[in-house]
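Listed next as structure tokens is one chain, alone, in the form predicted on its own.
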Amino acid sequence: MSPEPAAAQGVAQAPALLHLEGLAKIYSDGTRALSAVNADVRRGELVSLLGPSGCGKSTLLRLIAGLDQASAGKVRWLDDAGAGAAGGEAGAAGAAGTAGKLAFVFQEPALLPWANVFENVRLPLKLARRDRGSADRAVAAALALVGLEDARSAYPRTLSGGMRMRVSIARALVTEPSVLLLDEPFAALDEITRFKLNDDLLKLWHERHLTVIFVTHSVFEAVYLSGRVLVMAAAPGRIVAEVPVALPYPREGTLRTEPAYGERCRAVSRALAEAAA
């Protein structure tokens, strides 16, 4: 089940887990992807980064994950949660192994086509040289979390887009992270599948006590999922607004038809329009 309203209120009082200070990214051709990004993320929070394409959302997420280096500023973890990244890409998984508490889910599942579901999810543990017995148990548990127990022997080419994304999420969860970074993971999916995976993500967030940073360009998705929405502007990318989402948990599909949800979507849309202007 999803979190109770009291749990969400507790998150609002939780200490900061991640501090971004003056973060900037300038590429070798002189392009300023990010400039003076400042933000805090609290432990146990689900926060969305929202903005138009090209505003630096993915770049910021990669800097947070340690998959790229900032040109200026600091990414400061206030405990060991960001000790390493694992998950959606073999390179990221291999670099960090299982020592870190941070996992990354990319927009494209990037599954190994020659490996079945079970072996794709086991990849981070294999690269970390985890013993086969404990790795297999961890994979089975991760597949159960995303409802893919019966698909363990299937190959990526036989799966729907939603199922492939579930495999990618399971591969991130198999390392038992405390922080989950998601880079527009549902953008390419149909609306029905996207709504279902939104609900599944909320359930995982609650059950695994995760801190989640979710990148999206959808106002409706950001409001449905998040306790806060950080709105970004482009050229250069920067955070220009913070919009709290004062909607209680648990959140279910019927929320999307309620006036309070529409009001929050309008507030975020206004902030996004101001950012674009």
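One rule holds for the numbers: they count along the sequence shown, beginning at 1. Note that this is a predicted model, so its numbers are computed, not measured.
Omitted here: the form predicted together with a small molecule. The next part is about that form.
At a distance threshold of 4.5 angstroms between non-hydrogen atoms, Pro248 is out of contact with the small molecule in the predicted bound form. Contact between Arg42 and the small molecule in the predicted bound form is not found at the 4.5 Å heavy atom cutoff. Using a 4.5 angstroms threshold between heavy atoms, Gln107 counts as touching the small molecule in the predicted bound form. Put simply, Ala33 is close to the small molecule in the predicted bound form: some heavy atom of it is within 4.5 Å. Only one of the listed residues (Cys55, Ala65, Val231, Ile213) places a non-hydrogen atom within 4.5 angstroms of the small molecule in the predicted bound form, and that residue is Cys55.
For the small molecule in the predicted bound form, the listed stretch (219-227, 46-54, 204-212, 248-256) containing residues with heavy atoms inside 4.5 Å is 46-54.
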